[in-house]
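Below, in structure tokens: the form predicted on its own, a single chain.
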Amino acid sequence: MADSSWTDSAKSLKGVILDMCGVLYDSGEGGGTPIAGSVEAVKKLKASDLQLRFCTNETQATREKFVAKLQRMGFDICVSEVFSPAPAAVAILKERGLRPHLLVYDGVVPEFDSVDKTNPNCVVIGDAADKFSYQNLNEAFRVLIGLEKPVLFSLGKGRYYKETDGLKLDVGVYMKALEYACDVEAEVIGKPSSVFFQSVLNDMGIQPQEALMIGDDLVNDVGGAQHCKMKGVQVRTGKYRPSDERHPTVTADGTVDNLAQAVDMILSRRGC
């Protein structure tokens, strides 16, 4: 049975932020498959008076290709509604005059076309999947260890995510390896960064207390949102594990079976 206490604030909501992989769909062969009820749930939110944004740590494709994939699945979504780490990283690199060595998935490399990558003075690591070979990790290590003041950016810090054939290691595992080897602390761009969440709230023009985050990752989605004073609800899809409901430091404001259930509870409380 879902905990419904979090819906008490539904009438004061002005915006909803959705995680994507594990909430809208499970990634995998052929691009992945929608989670039951999620396409219709997004349509219901779009038809309501609530603002809707999508906040993802997806770093295996450009936003344009990622959104096109979701549109083919039937989701009503456009690029301007999606916040992902790569464009935010590009803005930071340009602002600081940094030249990155990239350890990222081939599909996201075009996001960095406008950035000078000669003679790197920092490393950017994303979910590189099969690119996380010893050779590639060692190359990133050599760039960092050769710098007087190593600078490491990580496009998220997730431990694992779910594809249709099971759980897969995420970027946070490899980020920790480079942190340990180079005695450096990574700057995380993406969830659970407060700066990243605040950029979404700024785009909607609302206060944290007026927004709700729905995700499958207890620490990065729910915990990150709560750190920004938003409420966070976890779905029992994607990377959710039963042990999440007994986590020692993060407690979701609510836990529901899936996005469809969460949306129905929100809209019913609002009288929609």
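Each residue number is its position in the shown sequence, starting from 1. These numbers come from a predicted model, not from an experiment.
Not pictured, yet referred to below: the form predicted together with another copy of the chain.
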query = With the partner left out of view, is residue 97 within 4.5 angstroms of another copy of the chain in the model of the complex by any non-hydrogen atom?
reply = no
**Report entry** residue 101, heavy atom within 4.5 angstroms of another copy of the chain in the model of the complex
**Finding:** no
is_contact(residue 202, another copy of the chain) in the model of the complex, heavy atom dist at most 4.5 Å
no
*With a 4.5 Å heavy atom cut-off, would you call residue 72 a contact of another copy of the chain in the model of the complex?*
no
129, 159 and 166 each touching another copy of the chain in the model of the complex (heavy atom, 4.5 Å): yes
Checking 83, 153, 174, 197 against another copy of the chain in the model of the complex, the residue with a non-hydrogen atom inside 4.5 angstroms turns out to be 174
From 91, 79, 145, 109: within 4.5 Å of another copy of the chain in the model of the complex by heavy atoms is 145
Those residues of 226-241 with a non-hydrogen atom no more than 4.5 Å from another copy of the chain in the model of the complex are 241
